[in-house]
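Presented below, as structure tokens, is a lone chain in the form predicted alone.
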């Protein structure tokens, strides 16, 4: 079943064309990675899919059965809402059913002999169970824990969370919702390694379609089956996963380079013939080749190989071999050290990955090294 389709989409801002004659179709089992350089239009495409932005030409076809989930960029109006209740708003239908059940149960307490009220309560409770209402709170807790929230923060107000934590809360709400098509824009940005691995497994277990924008190649390789690459204002599709996409893309680019070179050679030969013969005995032939050249569909190089801006970085004075020494250090705030007895030497050329769960002290270490803490 098709959840969403685009037909001959054109989108431009002023004179800059982002998409031109772009078409696509998303099925209910599709797991797609949307790739392309920064600024190519990935987020704009998501906004068009959700209806937040309208195409200048073409149309989006969305069946009534399609429910699109997309993480909002900013959480507004939930400062006093506790975290678990914020995520629960993903299922307003269940919250309304629960409120109806509580209201009918109260009516039954006041009139316990009413068979009509008792039957009505049973019907509502059955609907609630069928819709997954009794398991919903447990599912929310699983999602929150998977995304790195400690259980003692489930009852904290949204105003107490950082920007990154709020983004994770929005992702949790998206995962808990009814949507059958998820649009995930850099979902691992604020996740640690453990949460990223959890999210990979969770997405693979879902019976939903999704499109992921991510710079994390390993995450894409572990979660998607198809790749859409935005190039030349359209979508190039690949159907064999992310790892094979890299190989297939290079083969397509090699073929495009070959076609481009062949056509450029042909154009140069035709232009030489025109210059040589336009005013000579073969004027008609030259005019005919001129018309052929004007009608010719020109091929372009792959966008990644077109010439872009260049810049030069001047090297400064060579640093000492020992760049940084940390001796018996404690990192933290006041009398609450996050790490103690740290000893580390960093030498010129070292490339270090600093890892750990959220809140374990990674940023604190960097700020301390910089002298900000």
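Positions refer to the first chain, counted from 1. Keep in mind that what you see is a predicted model, and the values were worked out from it rather than measured.
There is also a form predicted together with a small molecule; it is not shown, and the following applies to it.
Exactly one listed residue, out of 26, 48, 40, 68, brings a non-hydrogen atom to within 4.5 Å of the small molecule in the model of the complex: 40. If you check the small molecule in the model of the complex, you find no heavy atom from any of 202, 206 and 223 within 4.5 Å. Only one of 32 to 40, 60 to 68, 341 to 349, 322 to 330 lies within 4.5 Å of the small molecule in the model of the complex by heavy atoms, and it is 32 to 40. In the model of the complex, at least one heavy atom of residue 18 sits within 4.5 Å of the small molecule.
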